[in-house]
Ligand code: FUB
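To begin, one chain is listed below as structure tokens, in the form predicted alone.
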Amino acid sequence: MKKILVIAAVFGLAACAQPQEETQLPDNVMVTGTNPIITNQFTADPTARVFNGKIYMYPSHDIPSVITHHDGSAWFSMADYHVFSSEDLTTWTDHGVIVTQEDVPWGRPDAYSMWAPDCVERNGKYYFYFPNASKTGGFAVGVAIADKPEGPYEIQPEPIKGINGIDPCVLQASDGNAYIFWGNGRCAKLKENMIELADDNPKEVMKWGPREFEMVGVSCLKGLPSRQAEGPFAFEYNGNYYLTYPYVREDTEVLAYAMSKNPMGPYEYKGLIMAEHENGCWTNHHSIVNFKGQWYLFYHHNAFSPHFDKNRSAQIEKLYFNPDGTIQEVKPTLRGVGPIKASQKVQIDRYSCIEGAAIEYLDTTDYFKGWKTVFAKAGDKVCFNEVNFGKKAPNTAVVCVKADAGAQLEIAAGKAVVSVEVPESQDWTEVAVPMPKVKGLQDIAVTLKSDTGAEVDWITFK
């Protein structure tokens, strides 16, 4: 194992700055690779689709609350939709607003109720499905159509007749038909035009108190665990249809799923995809997609809004199936799934493992600034997996760090280990040290070796 000890003040000190590679990015492009994946706005209810070899994500767009719930508390507020795309799940492009509540002719322009959407492609057209509060009362599902996945989209003048609810999802099944799911698992077949329900859908009479009304389609979650169920997401894999959905098991939502051999059921409950968020975030909402041979779960969490769980952010984890087609339960991570280049900022606070160290927000007045890692006692350690050092090995490690009384850190990357002497510093400071040659994909670890503590924002390798 190679090891180098350097007095950092001799080699180089500077105020922390963005690595050069990141300063050249356009304003609408961000590099993350960790969770949450979008770091400049809230992105809840993420629906991911693959078009033209790219991942496109269509989330709802939480904003600080401007409306109140019936009990007077601050409530979900969503006025428009953005679309994001990525070729590698690390670099994300924000294509801007594609639909806004003021432009929906049938919707209330002040409802702030544009909840979970979906988008599918059929015959060269892209159909964006979104819910909104209707001017005539209740909720409806509208459609906007485009020639490209990022738009521009043309909103249809009327919502889909026969749907009264939220959270649309469209499944294009191998039987050649398209099925739309909404609300708490209701499903109906669409016409070929993708904007009307088929004439041969079943109908049933429902009772709500003294009222009776006709509902189109079938209730696919009938008889399954589904307390306060919402946000259905359906997909097909290996001869099975999967209906996945959030529901309240105890006090907050879990992600669950059921399976069937028919798009419209009956479905058999199979279990959980993801358990409740440990911090009590009330909702979760998701989509599942295969991208370049790997299945992924997109979901949300209130990482950038720790004290208000109505502002959520999209996250991603890998998802795996058992041989019998059932889904393995997914555990949330901070590391996420995106590949990270050593020349980018490696945010070690989005760790793969941690021993003793603590993670804190950089600025509690602006949570979007992210986190820092606090090393308090000797032996505190974090690790961060899958950093790509490439074929041309970097020769310098740079740490954005501060330490009131000075400190010593150790950075391990593959078989190389370097010691970093951090001078006394109350401001964020770049400390640069020589680095032995490291190539390819490596896990890195940072350990505090001194009895005095330090805080680290990020690490990069030049």
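Note that residue numbering follows the sequence shown and begins at 1. Remember, it's a predicted structure, so these values are computed and weren't measured experimentally.
Omitted from view is the form predicted in complex with the ligand, to which the following refers.
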inquiry  = Partner absent here, but in the predicted complex, which of 196-204, 213-221, 236-244, 112-120 has residues with a heavy atom within 4.5 Å of the ligand?
reply    = 112-120
inquiry  = Given that the ligand is not shown alongside this chain, does Thr283 nevertheless sit within 4.5 Å of it in the predicted complex, heavy atom to heavy atom?
reply    = yes
query = in the predicted complex, does Lys189 have a heavy atom within 4.5 Å of the ligand?
reply = no
ask   = Does the ligand get within 4.5 angstroms of any non-hydrogen atom of Phe76 in the predicted complex?
value = yes
query = Is there a heavy atom of Ile166 no more than 4.5 Å from a heavy atom of the ligand in the predicted complex?
reply = yes
message = Give me the residue from Lys345, Arg350, Lys372, His300 that has a heavy atom within 4.5 Å of the ligand in the predicted complex.
response = His300
ask   = Counting only heavy atoms, which residues in 227-248 are within 4.5 Å of the ligand in the predicted complex?
value = Glu230, Gly231
